[in-house]
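Before any questions on binding or motion, here is one chain by itself as structure tokens, the form predicted alone.
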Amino acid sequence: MSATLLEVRNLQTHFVSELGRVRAVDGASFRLESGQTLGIVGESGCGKSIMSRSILRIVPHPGEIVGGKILYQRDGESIDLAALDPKSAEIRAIRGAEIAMVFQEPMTSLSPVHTIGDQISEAIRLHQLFSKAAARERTIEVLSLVGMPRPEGIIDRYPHELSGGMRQRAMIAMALSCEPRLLIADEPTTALDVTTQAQILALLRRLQGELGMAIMFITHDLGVIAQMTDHVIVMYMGRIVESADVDSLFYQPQHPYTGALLHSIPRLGSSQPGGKLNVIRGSIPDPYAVPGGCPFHNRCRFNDGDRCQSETPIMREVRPGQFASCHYAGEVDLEGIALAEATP
């Protein structure tokens, strides 16, 4: 049986400015097992990336964790990452070494004035007692591991000299250089063409099998979720609205937002030429003025006009192992899709 690697309890990460308070993550709770691939899905601005940055304690100013726990299990000890100083030696020893992250856009994450080799070697020497020569050898080794062509030459090149796919492989190599127990992949294929995206996804699956690490996969692409993950959590307005294994989520969604996301996936042969794509009606509420009740009620076709607008639903188990925060979860007829249809 797999053991719990990370448990997030009622996490709250807020941004306070002159305009007001934004509850970027508003009471999120979930559990990640060792070796598991957890998908986090939702529209842009729903809190996916801020939640991952909260785990690593790299939330940008003026954001801060104002409540909840992030319990990381190591050597029989439970460490509350939320309680650590973001600049402390303890979190810096974990960040990059035991929990690593692949960011969405390599060109904004990699230094343009340092070679790929220097940046990866620095990460290795920061966390391990390697000499400069040994760190260079390890860098070539991890570049080869991620399928980088001619790593002995690539190591001395700058990010702008590489293609998008090669830069993303370099980012993955840096994240894996210390063999982390958890890899957080934040939209790692968004800016890539379809062929390169397929290669990167296949690479992540292979490396997970070889290294035995857990992966937290953050994306808005449900096709990637279907292909990559074991368990999925769906976020909306900073809250987790549904949690289920991937098959249950695609075949039998229990929250109207999940159903709307699935229904909006374009499918070959499912509509007439020139027909309109299915969209989720309405728009995301102003983050400075989130409506009361269910945060999705202004876009939900099952809104009853009373309870949905006045009472916040709680997360409850609707089917075995499947949770949803909807007053009418399990009662409304939601359209699921076949897993094969969602896989690119």
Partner chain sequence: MTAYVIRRFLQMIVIMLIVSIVAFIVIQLPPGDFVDAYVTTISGGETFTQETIDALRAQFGLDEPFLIQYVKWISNVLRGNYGVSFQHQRTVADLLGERLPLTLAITLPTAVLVYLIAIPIGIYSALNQYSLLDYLFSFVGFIGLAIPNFLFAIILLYIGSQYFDANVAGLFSPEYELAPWSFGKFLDLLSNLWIPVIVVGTAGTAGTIRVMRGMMLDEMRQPYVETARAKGLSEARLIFKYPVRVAISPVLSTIGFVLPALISGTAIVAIVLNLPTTGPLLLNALLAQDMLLAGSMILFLSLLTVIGTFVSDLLLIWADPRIQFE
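Predicted model only: the values in this text are computed from it and were never measured. Residue numbers count along the first chain shown, from 1.
Same protein, other form: the form predicted in complex with its partner chain, not shown, and the subject of what follows.
With its partner chain omitted here, the record of contacts in the predicted bound form names 120 to 128 of 245 to 253, 213 to 221, 120 to 128, 199 to 207, defined by a heavy atom within 4.5 Å. For the residues V241, V232, M171, A185, the 4.5 Å heavy atom test against its partner chain in the predicted bound form is passed only by M171.
For the candidate set T108, T195, S163, S78, a heavy atom within 4.5 Å of its partner chain in the predicted bound form is found for exactly one residue, namely T108. For the chain shown alone, I70 is not a contact residue for its partner chain in the predicted bound form, no non-hydrogen atom being within 4.5 angstroms. By the criterion of a heavy atom within 4.5 Å, P180 is excluded from the residues contacting its partner chain in the predicted bound form. Of the heavy atoms in H263, none are within 4.5 Å of its partner chain in the predicted bound form.
Taking non-hydrogen atoms only, R95 approaches its partner chain to within 4.5 angstroms in the predicted bound form.
Every member of the trio L56, K87 and F103 reaches its partner chain in the predicted bound form with some non-hydrogen atom inside 4.5 Å. Shown without its partner, the chain has no residue in segment 212 to 240 with a non-hydrogen atom within 4.5 angstroms of its partner chain in the predicted bound form.
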